[in-house]
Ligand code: NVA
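The chain below stands alone and is given as structure tokens, in the form predicted alone.
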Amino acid sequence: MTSNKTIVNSWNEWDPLKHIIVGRADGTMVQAPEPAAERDWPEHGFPLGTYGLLPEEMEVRANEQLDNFVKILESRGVRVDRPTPVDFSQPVQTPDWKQGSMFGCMPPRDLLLTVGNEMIEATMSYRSRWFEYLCYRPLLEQYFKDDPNFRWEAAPKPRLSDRTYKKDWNIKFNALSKEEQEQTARDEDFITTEVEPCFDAADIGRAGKDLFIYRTATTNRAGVDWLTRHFSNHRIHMVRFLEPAGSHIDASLTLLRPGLALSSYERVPLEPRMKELFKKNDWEIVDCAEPSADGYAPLSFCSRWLSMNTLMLDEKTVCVDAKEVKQMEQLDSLGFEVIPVPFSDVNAFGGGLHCATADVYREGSCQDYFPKQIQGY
């Protein structure tokens, strides 16, 4: 790229990165209760039913690490844009519902999906995140002015009425044993119904002509169907993992480079055909290293599997959370240049390094990395 004009282009997770969006922690909320999300953290000052701003000192530390991440990317020749936060503490509403607060804009990967020269604003399935697209509109408007080939799309906004959610699902789920909760993943018994398409952009893994869409609590089958129709020139693979009430593919399956993927060894895939497809095309799926954390970080809804939530700068270079020593050692042994990035203070604001970013431009074109397909998958 020889000018400051934006060109939108990104087909996968590993082509040389030249332009990206990195989120901000400003004003992030422990969001008000809603059908899809009820936070219960009494040990950290937020018992069930309460909500409010994440502590200021946490926000300061998170923004320091995000700003440092930006400097690391810029030192590698990557152009970085940032969203424009709004007042996330304000109540919001539509004709169908009222919601006591919004959430934040740290994880742009959740909202923005880049496929080729197109960026899609995902539907989102939380009421607290319904208006989150507003934080990215200044950037998208500028990209639209700069790049005559840029396709700017917004998926149909779901109504998210009570019909979109299964009544009392959270209460019933929390009363189940671990084995019973795992069975809900096998049965696709998540909180969302199928009355309208719902999906988060972070439930989609990109590999050129193939898109892997994770069926989760945030992406229903109607959402997979909408994406399948929209990307009619791509091959769509719906995948499932043994992850009760889970969401977002980048903490279960990480596509590192052609022929190599990283997988959580706890969240085993429920689709044998997925493994068959990878094997048939000479892809290796490697179990990720042991995460440094034993469980969820304070005031965080993100699991310890953020250890594998990495950002590829190219096929040989990967950014990894600096606390994940074993993960860095594993990736080094696999032939990568590993860039340690201090990031643990960001986790409570919505995720890891991949979550905190959204691709704008990677060099490269649409390639076929899975030419040998599996019948019916």
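A residue's number is simply how far along the shown sequence it sits, counting from 1. In this text the structure is predicted, and so the values were computed from the model without any measurement.
Beyond the structure shown, there is the form predicted in complex with the ligand, which is absent from this document and is the topic of what follows.
J.: Where does the ligand sit in the predicted bound form: which of 283-291, 130-138, 187-195, 245-253, heavy atoms within 4.5 Å?
T.: Stretch with heavy atoms near the partner: 245-253.
J.: Scan L73, V239, C302, L111 and let me know which has any heavy atom within 4.5 Å of the ligand in the predicted bound form.
T.: Residue within 4.5 Å of the partner: C302.
J.: Taking the ligand in the predicted bound form as the reference, which of R82, R221, R267, H230 has a non-hydrogen atom within 4.5 Å?
T.: Spelling it out, the residue with a heavy atom inside the cut-off is R267.
J.: Looking in the predicted bound form, any heavy atom of C355 within 4.5 Å of the ligand?
T.: Yes - in the predicted bound form, heavy atoms of C355 and the ligand come within 4.5 Å of each other.
J.: Would you classify N309 as touching the ligand in the predicted bound form, given a 4.5 Å non-hydrogen atom cut-off?
T.: Because a heavy atom of N309 falls inside 4.5 Å of the ligand in the predicted bound form, the answer is yes.
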